[in-house]
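Let's start with one chain on its own, the form predicted on its own, as structure tokens.
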């Protein structure tokens, strides 16, 4: 069997999100992964870009999943069991967040102070926010959290994990073809920089 290699995502512009939606997602991922002494924040790491591109593909449309009814509530271990695909959930969920906050506070999420943003997301995760349009706060927060983590830790080829920041933070070697000499060296930092699926930036163009 053969498979097509992934195509490098190029940052710039939004393929799924509107400008307003993109600003909201960037603000959310920056609170889920705030910048600190260990790494850059979720926005700078490209998590919103990763989510945007994923929603334009098979993930967003659930094209590789069984999506026919009946649609019944499942157990927590079964994950989301509803009819809407991720793209639809994002479109509805993001609109619900700003609609709720405009009615309650007269502001959008982006306009809130960081502490207020954290408080809202905490309440949303705990199911203490009654979002409009039937959006379930815990479920949508879980989707945001899952996709943000994917964007932060996935290979940079998919648009997130800028400069392999999360891999550097963890000491993860990435897609190196061989690091057997270091497998048994427990509790010792891996001495080489990580490598993406498409190689390292300084390798590109060499030998041309």
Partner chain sequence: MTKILPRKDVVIVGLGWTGSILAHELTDQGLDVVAIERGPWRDTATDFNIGYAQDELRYSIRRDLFLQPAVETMTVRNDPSQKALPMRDFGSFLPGNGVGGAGVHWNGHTWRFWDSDFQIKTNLTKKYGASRIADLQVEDWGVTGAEMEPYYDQFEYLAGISGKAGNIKGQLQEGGNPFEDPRSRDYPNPPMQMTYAPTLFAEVGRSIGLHPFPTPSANMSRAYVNPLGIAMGQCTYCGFCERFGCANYSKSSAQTTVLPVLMKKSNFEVRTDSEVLHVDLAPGGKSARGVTYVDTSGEEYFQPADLVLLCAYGLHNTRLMMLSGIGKIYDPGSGEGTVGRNYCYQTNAGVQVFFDDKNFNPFIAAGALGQTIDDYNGDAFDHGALDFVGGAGINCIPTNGRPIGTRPTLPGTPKWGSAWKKATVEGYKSTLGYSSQGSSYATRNNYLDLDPTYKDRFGRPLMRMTFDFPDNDIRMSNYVCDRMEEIAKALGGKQYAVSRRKKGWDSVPYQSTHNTGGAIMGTDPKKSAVNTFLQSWDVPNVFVIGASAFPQNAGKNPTGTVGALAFRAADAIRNQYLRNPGAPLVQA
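Nothing here was measured: the structure is a model prediction, and the numbers come from that model. If you superpose the two forms and keep the largest set of C-alpha atoms that fall within 1.5 Å, you have the rigid core. Numbering follows the first chain given and starts at 1.
Below, we refer to the form predicted in complex with its partner chain, which is not included among the displayed structures.
Taking non-hydrogen atoms only, residue 31 approaches its partner chain to within 4.5 angstroms in the predicted complex. Its partner chain is not shown here, and in the predicted complex it never comes within 4.5 Å of any heavy atom of residue 18.
In the predicted complex, none of the heavy atoms of residue 100 sits within 4.5 Å of a heavy atom of its partner chain. Of the heavy atoms in residue 50, some are within 4.5 Å of its partner chain in the predicted complex. Looking at 60-75, the residues that come within 4.5 Å of its partner chain in the predicted complex, counting any heavy atom, are 63, 64, 65, 66, 67, 68, 69, 70, 71, 72, 73, 74, 75.
Relative to the superposed rigid core, residue 12 undergoes a CA displacement smaller than 2 Å between this form and the one not shown. Once both forms are fitted on their core, the CA shift for residue 134 between this form and the one not shown remains under 2 Å. Superposed on the core, the two forms barely differ at residue 106: its CA moves less than 2 Å between this form and the one not shown.
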